[in-house]
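Before any questions on binding or motion, here is one chain by itself as structure tokens, the form predicted alone.
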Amino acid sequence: MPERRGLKHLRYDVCIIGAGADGLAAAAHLAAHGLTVMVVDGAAATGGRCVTAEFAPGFFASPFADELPAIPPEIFFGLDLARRGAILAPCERLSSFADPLRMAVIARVLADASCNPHKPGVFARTPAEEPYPGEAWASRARAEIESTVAPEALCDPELGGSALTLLQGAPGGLVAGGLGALGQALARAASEAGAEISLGLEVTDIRQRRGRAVAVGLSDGRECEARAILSTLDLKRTFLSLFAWNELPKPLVERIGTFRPAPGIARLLVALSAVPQKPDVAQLRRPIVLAADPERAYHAWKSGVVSERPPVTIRLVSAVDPSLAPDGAAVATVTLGGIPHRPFDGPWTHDKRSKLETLALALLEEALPGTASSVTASELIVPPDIENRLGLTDGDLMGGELSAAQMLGFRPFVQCRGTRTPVVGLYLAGPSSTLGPLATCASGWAAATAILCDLKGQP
């Protein structure tokens, strides 16, 4: 699929910062409704975390996650992703009591997006004032949280509101060919709808006129004007990096400055010369979760250290998708939770990385005995690597801690629910938005819905 690396014009209806899943879904939705759309990303390829990499000759894996939160069916089919190459192998999981609540929140955000709070007129609607579903949740039983929390959503079970981590999106299933196939399908959807995609070009700043976001500055010195700007970067990267500190109201800067990051993760991609042996072959296709103490791991992360027993999920991804490894070989991934972006005693040195890799390989051997002797190559990814490759503050894939003060109506702006921000003309999708942790593509779709409502008077 051809991807344009230069801008054909310098004025669009919408400029989208970031060519990840949310940015591409929004671009496809907006372009399909007749708006001119430009997607700008400093990376060399589309997809964001939806990529597949060859980390050793003949061995492939998705570096940042094996699977993402599910894409809501109406968005998946609306973008025709299966026809465009995103073939999913359903994951094996039990239904969660949080699933109906999660879907209710998604529906509520989409409804809020179709209301125009800034412009009166025949198309304007009044946003609902009632709380989001789930805002009154009290803490659930500690055992329930400990048995369901994933490394990506580590929390302290003793904290009030910690049950909100259970709203994290249910896995959407492994994609044939890795998450890169999903990223390519989304890029096709955006391009075929008419959106332009410019890669290898950084957005340096967002520019305002009379209190409204009207343009973005580009790393080549040009300015791209737009009637609406959608950022899929995280909250701090969007506001504290793309605006001068004195351009925003002080209370807004203070609110963003106190937005707490979520515990980080590390990933180890492992090439195995042989497929591990298990009495029940079906077990190789399921994620393996090793018991851990999430409270201890959470407080270790807060102290800048790695717990001696962090939360871990292990997957033999090639057991579901054999195309990821050569015949007779295998690919395993180890996801560790509670990994600090910067350890208390300094940056991630070679020795610290080696120690963490040794721990991850030991946990892999514990889960799949006999793998230690068949490891031929591995690649360790820690939070600074995620920050450098995805542009996420502190390498935080969750876009902020999943806590009572930072979820649902409080994520990220209590006065601007859903996708709009206090800066008129600027919209937020991606990890720090309300729907960021709940579902893939949903925050981008909701932001596009809000932009259509505001610019064209239609949801």
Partner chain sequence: MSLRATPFHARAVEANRLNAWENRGGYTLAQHYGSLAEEVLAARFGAVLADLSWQWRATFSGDAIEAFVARAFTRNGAALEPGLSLEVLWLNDAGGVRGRGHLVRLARDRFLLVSPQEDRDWLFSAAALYGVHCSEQSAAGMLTLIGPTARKILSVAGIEAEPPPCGLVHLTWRGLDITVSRLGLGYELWCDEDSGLIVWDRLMAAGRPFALLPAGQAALETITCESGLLYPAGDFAPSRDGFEAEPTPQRLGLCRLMDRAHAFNGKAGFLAAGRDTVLSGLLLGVETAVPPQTLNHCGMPIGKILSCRYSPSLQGMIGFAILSGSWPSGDIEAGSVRCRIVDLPFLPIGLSPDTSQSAAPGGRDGTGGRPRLT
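Being a predicted model, the structure only gives us computed values, none of them experimental. Numbering follows the first chain given and starts at 1.
Another form exists, predicted in complex with its partner chain; not displayed. Remarks below refer to it.
For the three residues 80, 174 and 320, a heavy atom within 4.5 Å of its partner chain turns up in the predicted bound form in every case. Scanning 348, 243, 76, 132 against its partner chain in the predicted bound form with a 4.5 Å heavy atom cut-off leaves one residue, 76. Interface residue among 302, 212, 352, 278 relative to its partner chain in the predicted bound form, by the heavy atom within 4.5 Å criterion: 278. Residues of just one listed stretch (406 to 414, 421 to 429, 392 to 400, 66 to 74) have heavy atoms within 4.5 Å of its partner chain in the predicted bound form: 66 to 74. In the predicted bound form, its partner chain lies farther than 4.5 Å from every heavy atom of residue 254. Interface residue remark: residue 40 is not counted as part of the site for its partner chain in the predicted bound form, having no heavy atom within 4.5 Å. Using a 4.5 angstroms threshold between heavy atoms, residue 158 stays clear of its partner chain in the predicted bound form. Its partner chain in the predicted bound form comes within 4.5 Å of no heavy atom belonging to residue 372.
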